[in-house]
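What follows is one chain in structure tokens, specifically the form predicted alone.
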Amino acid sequence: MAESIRFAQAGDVQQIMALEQGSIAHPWPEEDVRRLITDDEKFALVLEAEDQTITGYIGVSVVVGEASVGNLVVAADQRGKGFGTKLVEALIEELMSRGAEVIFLEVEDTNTPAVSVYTGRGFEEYNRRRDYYGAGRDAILMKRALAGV
């Protein structure tokens, strides 16, 4: 199966919402997903299968050279195939082309596959938020410098 990565468009909102609702415990509201596509300081990249089904996406906001990843979702039945890594790499490339200096994100400490993707792409832990995702479920705060890379 050949997949491609492209910028999300208005017509993708329903597929992204289905992906959110079928893949993660706390899906984003539709309004927030729409803002990723329409707000000048935000964008989303989608991973599209050959049949034009969106199997993953990553959303980010960029303000004064600082990017903040809001969500990275890969369809549950497509995980473990390297798609999350491809989305993160495409995001890094796009942000570097825009002159961004740093990327921030947070990830649940129990989400070992996601933590592995991020650390494998140069992200480092700089803090934690205790119980952020619920009792005993901490958020790892991570960042990666882009300037001079």
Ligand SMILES: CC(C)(COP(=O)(O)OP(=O)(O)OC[C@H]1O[C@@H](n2cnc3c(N)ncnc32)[C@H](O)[C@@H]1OP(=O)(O)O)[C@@H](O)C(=O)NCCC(=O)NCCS
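Since the structure is predicted, the reported quantities are computational estimates derived from the model, not experimental observations. Numbering starts at 1 and follows the sequence shown.
The discussion below concerns the form predicted in complex with this ligand, not included here.
Asks: Each of V33, T38 and L91 within 4.5 Å of this ligand in the predicted complex, by any heavy atom, yes or no?
Replies: No, the whole trio is out of contact, none within 4.5 Å by any heavy atom.
Asks: Does any heavy atom of F123 come within 4.5 Å of a heavy atom of this ligand in the predicted complex?
Replies: Because no heavy atom of F123 falls inside 4.5 Å of this ligand in the predicted complex, the answer is no.
Asks: Find out whether any non-hydrogen atom of G99 is located within 4.5 angstroms of this ligand in the predicted complex, and reply yes or no.
Replies: No, G99 sits far enough from this ligand in the predicted complex that none of its heavy atoms falls within 4.5 Å.
Asks: Can you check whether M17 is within 4.5 Å of this ligand in the predicted complex, heavy atom basis?
Replies: M17 lies outside the contact set for this ligand.
Asks: Test of understanding: in the predicted complex, would P29 fall inside 4.5 Å of this ligand by heavy atoms?
Replies: Taking the distances in the predicted complex, the answer for P29 is no, it never comes within 4.5 Å of this ligand.
Asks: Since exactly one of I54, L45, A114, L95 fits, which has a heavy atom within 4.5 Å of this ligand in the predicted complex?
Replies: So the residue touching this ligand in the predicted complex, by this definition, is A114.
Asks: Are there residues in 17-54 with a heavy atom within 4.5 Å of this ligand in the predicted complex, and which are they, in order?
Replies: Those in contact are S23, I24.
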